[in-house]
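This document starts with one chain, in the form predicted alone, laid out as structure tokens.
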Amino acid sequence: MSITLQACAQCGARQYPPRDLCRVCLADALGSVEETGEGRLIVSAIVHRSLEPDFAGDLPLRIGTVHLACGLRIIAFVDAGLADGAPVRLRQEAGRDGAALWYAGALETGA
């Protein structure tokens, strides 16, 4: 399983969210690249209240910051049972309204 990120054809920098210009060199030569989605859960927190009605029935929610091997940091929903500092793999799923949401799950060894 892999994730798709925006990448600069000039300097190779990955970025999320997608932008019109590269965050590093300001080039507009941007395309898509597949990444493994592997990284480490830096820190997580429990959200007990949300102003977003779509998440009201799912509370409490666990969110965290994932540092990807490609150097990006992405905030994602965190699967139960993962400790801060654990190796994870990101996946992207469509939310109820069709928007893409990031999820961090356990990194399966040998996968």
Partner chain sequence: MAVQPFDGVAVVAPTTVRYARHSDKPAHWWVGRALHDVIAAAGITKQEVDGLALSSFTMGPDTTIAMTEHFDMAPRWIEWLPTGGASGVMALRRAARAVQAGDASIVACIGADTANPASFAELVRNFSRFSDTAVRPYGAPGPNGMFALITANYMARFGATRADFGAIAMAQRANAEGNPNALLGGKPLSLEQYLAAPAIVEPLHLFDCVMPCAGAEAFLVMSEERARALGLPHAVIRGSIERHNAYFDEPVAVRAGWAMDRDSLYAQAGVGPEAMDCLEVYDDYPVIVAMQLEDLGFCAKGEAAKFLRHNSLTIDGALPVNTSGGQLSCGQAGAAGGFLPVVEALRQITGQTLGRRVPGARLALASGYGMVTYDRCLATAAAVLEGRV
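Note that the coordinates shown come from a computational prediction; the quantities given were computed from them, not determined experimentally. Numbering follows the first chain given and starts at 1.
What follows is about the form predicted together with the partner chain, which we do not show.
Although the partner is absent from the chain shown here, Pro18, Ser50 and Ile75 each have a heavy atom within 4.5 Å of the partner chain in the model of the complex.
For the options Cys70, Ile63, Leu82, Val33, the residue carrying a heavy atom within 4.5 angstroms of the partner chain in the model of the complex is Ile63.
Although the partner is absent from this view, Leu101 contacts the partner chain in the model of the complex, with a non-hydrogen atom inside 4.5 angstroms. In the model of the complex, none of the heavy atoms of Ala27 sits within 4.5 Å of a heavy atom of the partner chain.
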